[in-house]
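Just so you know, structure 1 and structure 2 below are the same protein chain in two forms, each on its own as structure tokens.
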Structure 1
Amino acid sequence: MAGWQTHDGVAVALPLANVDTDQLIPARFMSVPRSEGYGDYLLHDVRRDASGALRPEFPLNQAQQASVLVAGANFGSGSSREAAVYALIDAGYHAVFASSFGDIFASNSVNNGLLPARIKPETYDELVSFIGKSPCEVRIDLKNGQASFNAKQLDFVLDETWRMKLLNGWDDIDLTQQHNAQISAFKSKYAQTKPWAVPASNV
């Protein structure tokens, strides 16, 4: 995963709350290997009609070039499916701005380089009316936690650990392996003090 510091792109508003992961990617598409790309499945059933054709009135369809999503509260609530994040990334998105996120979705986002930028509910309201139905230019400064939507500047909140991870593109497995000695020591002591917690061979 590559780190990033700034992003220049186009923002689109999806003024809906509780956009859950079942909507972000319906379950029936989740058996597809990632290499085939998940972009076409993003919000599939709300974005497309029964025949699979794009609904012209749906905000994301009016901004095919968009890379930043501004959405309502509780974005990404529901299941742990990381495919919801893959769908956003494969459709070209770098960030989602919302007043709150599902916990697992937010963590999955950061693990894939997608910024879950938290903004105040009143900022969200302003932003939605500011963007309206015409997608606008956006610049995100990840390091300083700021974004400008055309002339409108705002601050967003991001856990410091997540900021570092996004900036540096850190891979957790590499990081963890630097602590192998501590993990081994913990494991030995744990097995001694909690023998009942150690599974028998193949549990």
Structure 2
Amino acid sequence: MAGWQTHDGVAVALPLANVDTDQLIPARFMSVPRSEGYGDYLLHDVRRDASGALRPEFPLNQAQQASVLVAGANFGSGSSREAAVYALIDAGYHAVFASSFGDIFASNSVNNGLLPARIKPETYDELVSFIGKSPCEVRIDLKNGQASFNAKQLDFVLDETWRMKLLNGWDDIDLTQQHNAQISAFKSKYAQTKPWAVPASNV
């Protein structure tokens, strides 16, 4: 996974709260191989009508070139399915701005290079009003925690460890490997001080 520092794209507003992972990708699509892409399944049951056709009035269908989503509170709540993040990424999204996120969804997002940018509720209200139904240009400065929506500047909150992972393109395994020297030193010391606890083949 490649790291990133800035992103220039188009933002679209989805003024809905409590969009959960079951909505982001319905369970019936979970058997599809990731190699085929999950983008077409993103918010499938609210983006499409009973026949499967895209609803022209749905915000994401009016801005299919968008790469930044401004969404309501508690975005990504519900089940822990990582496929919800895959669906956003495969649909071309690099970041989601919301006043709060489901914890597991946010962690899964960072591990896959998607920014869960937390903003104040009043900032969300301003952005939704500002963007309206017309997508706007956005520039994200990940390193400094800032974004510009057309001329509107704002700050966003992101855990510093998550920022480091996104900047470097790291997941949890990559983050752990940054401590390989300390891990090896501990393993060696543990084997010497407690040899009875370590299988002989690993000493």
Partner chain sequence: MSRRQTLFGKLWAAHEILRREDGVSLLWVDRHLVHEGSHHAFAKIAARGLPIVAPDNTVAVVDHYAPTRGRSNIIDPQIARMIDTLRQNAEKHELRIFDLDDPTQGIVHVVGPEQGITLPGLLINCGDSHTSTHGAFGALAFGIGATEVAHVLATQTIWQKKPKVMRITIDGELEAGVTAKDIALHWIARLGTGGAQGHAIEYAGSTVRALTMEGRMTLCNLSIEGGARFGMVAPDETTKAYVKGRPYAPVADEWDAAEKAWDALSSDADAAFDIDIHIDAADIAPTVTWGTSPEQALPIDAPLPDPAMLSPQKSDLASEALEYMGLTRGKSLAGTAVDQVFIGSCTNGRIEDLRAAAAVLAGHRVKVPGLVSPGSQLIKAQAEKEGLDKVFTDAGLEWADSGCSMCVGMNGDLVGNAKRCASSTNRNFKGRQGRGARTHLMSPAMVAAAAITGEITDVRMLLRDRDS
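As the structure is a computational prediction, the values presented were derived from the model and not from experiment. Residue numbering: structure 1 sequence, from 1. The term rigid core refers to the most C-alpha atoms you can superpose between the two forms while keeping them within 1.5 Å.
Two forms of the same chain are shown on their own. Structure 2 is the form predicted alone. For the motion between structures 1 and 2, the hinge, where fit shifts from one rigid part to the other, lands on Trp170 out of Trp170, Asp45, Ala151, Pro121. Here the chain acts as two rigid units, and between structures 1 and 2 the smaller unit rotates by 38°.
Once the two forms are overlaid on the core, Asp174 shows a Cα shift of 3.9 Å between structures 1 and 2.
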